[in-house]
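This document starts with one chain, in the form predicted alone, laid out as structure tokens.
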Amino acid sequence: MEKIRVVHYINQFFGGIGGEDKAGLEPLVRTGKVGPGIALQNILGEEYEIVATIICGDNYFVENLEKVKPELLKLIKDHNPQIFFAGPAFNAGRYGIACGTICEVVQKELGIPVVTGVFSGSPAAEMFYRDLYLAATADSARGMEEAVRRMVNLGVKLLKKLPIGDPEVENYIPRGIRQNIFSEDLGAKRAVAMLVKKLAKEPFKTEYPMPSFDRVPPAHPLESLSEAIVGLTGCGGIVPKGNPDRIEASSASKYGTYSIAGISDLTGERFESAHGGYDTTYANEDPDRVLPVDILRDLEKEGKIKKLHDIFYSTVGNGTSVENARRYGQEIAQKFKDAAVNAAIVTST
């Protein structure tokens, strides 16, 4: 009996080639299963065969997006797959975006089932949940086996055109799709039953879950701006020329800490933007357009603010996970607080 052909996509780390030092790796093909593909093949069973594993560096993917998509598509198409898996990527920013992007391309161009696995708080979950089945995973590779099982469950059902149940049952990221169903009880009766359970502090499941958003209470207004020490931070990617901390153009895994002591103007000779999500031409010509050091120095000289803090913090917001962004904000806020900064200007792009 002819086996069902599977192609699997992974990054340079899970391909066993290297870490960040190999993140610029161009796409390549390995015959058969590699890395997490071993677990994928075991769970798929004898009916399926991973005929090829496509490996690509995370940086190469996100920095060459329009070039890499046709490159990878050709490599995948050459192996005539009947189903395609990518990852799982867990909470990884660049890797998750790569997995989601290539799954979208394969689904559109080859018309075969595609599945990847990501953590619910990752950028990929936000970007691709409406268009793809994303198996819900843990935030790290510690949950590898369960993540692969969930991917296989979804993939096999898609391939065999079997019905896929609710996200809670099938363990995928909710897609925001609602379907009409028939119930023996009227809506009013169901609503009262839920209310009774809620009042009794018993578990219940709403039929219309609402989105959950962070609520950040505003800070108290400054009593006197002329007594304020003002800090600068932002996610527009302004960094010293050459990007010494190698902040990623997308899905930043870090933020930079840079001195502007004695600097009254950010020039293109000394600073640039590392951001990969917008046209940085004008930002690179005059980085003050993104991080307004020049204006704040003028205000400092005029006595309208007491002082511009001599350190600024910078990262790239493009594709950066909510979890990482929250952590950066908390750490930067604490550093400002420790330096007696009592007002901050946060710029984006």
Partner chain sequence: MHIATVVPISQTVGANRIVPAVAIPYPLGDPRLTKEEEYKLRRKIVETALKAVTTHIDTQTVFEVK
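Numbering follows the first chain given and starts at 1. The structure presented is a predicted model; accordingly, all values stated were derived computationally and were not measured. Take the two forms, find the largest set of C-alpha atoms that superpose within 1.5 Å, and that set is the rigid core.
Heads up, the form predicted together with the partner chain isn't pictured, but that's what we're talking about next.
A.B. asks: Taking 4.5 angstroms as the heavy atom distance cut-off, pick the stretch from 66-74, 29-37, 277-285, 50-58 that is near the partner chain in the predicted bound form.
C.D. replies: Within 4.5 Å of the partner lies stretch 277-285.
A.B. asks: Let me know the one among 260, 230, 132, 127 whose heavy atoms come within 4.5 Å of the partner chain in the predicted bound form, would you?
C.D. replies: Of 260, 230, 132, 127, the residue with a heavy atom within 4.5 Å of the partner chain in the predicted bound form is 230.
A.B. asks: Which residue, 196, 186, 162, 216, is the contact with the partner chain in the predicted bound form, using a 4.5 Å heavy atom cutoff?
C.D. replies: None of the others qualify; the residue that does is 216.
A.B. asks: State yes or no: in the predicted bound form, is some non-hydrogen atom of residue 319 no more than 4.5 angstroms from a non-hydrogen atom of the partner chain?
C.D. replies: No, residue 319 sits far enough from the partner chain in the predicted bound form that none of its heavy atoms falls within 4.5 Å.
A.B. asks: Considering non-hydrogen atoms and a 4.5 Å limit, does the partner chain approach residue 304 in the predicted bound form?
C.D. replies: Residue-level check for residue 304: yes, a contact with the partner chain.
A.B. asks: Residue 112 versus the partner chain, in the predicted bound form: is there a non-hydrogen atom within 4.5 Å?
C.D. replies: Result no; residue 112 lies far from the partner chain in the predicted bound form.
A.B. asks: Answer with yes or no whether residue 4 is in contact with the partner chain in the predicted bound form, where contact means some heavy atom within 4.5 Å.
C.D. replies: Because no heavy atom of residue 4 falls inside 4.5 Å of the partner chain in the predicted bound form, the answer is no.
A.B. asks: Suppose contact means a heavy atom within 4.5 Å; in the predicted bound form, does that hold for all of 120, 154 and 158 with the partner chain?
C.D. replies: No, because 120, 154 and 158 lack any heavy atom that approaches the partner chain to within 4.5 Å in the predicted bound form.
A.B. asks: Using a 4.5 Å cut-off on any heavy atom, which residues of 333-349 would contact the partner chain in the predicted bound form?
C.D. replies: In sequence order, 343, 344, 345, 346, 347, 348, 349 come within 4.5 Å of the partner.
A.B. asks: Indicate whether residue 13 shows a C-alpha shift of 2 Å or more between the shown form and the other one, with the rigid core used for the fit.
C.D. replies: No, the C-alpha position differs by under 2 Å between the shown form and the other one.
A.B. asks: Superposed on the rigid core, does the Cα of residue 238 end up 2 angstroms or more away between the shown form and the other one?
C.D. replies: Yes, shifts by 2 Å or more.
A.B. asks: Comparing between the shown form and the other one on the rigid core: C-alpha of residue 165 shifted by 2 Å or more?
C.D. replies: It does not reach a 2 Å shift.
A.B. asks: Classify the change in Cα distance between residue 318 and residue 177 in the predicted bound form as closer or farther, relative to the shown form (magnitude of 3 Å or more).
C.D. replies: So the answer is closer.
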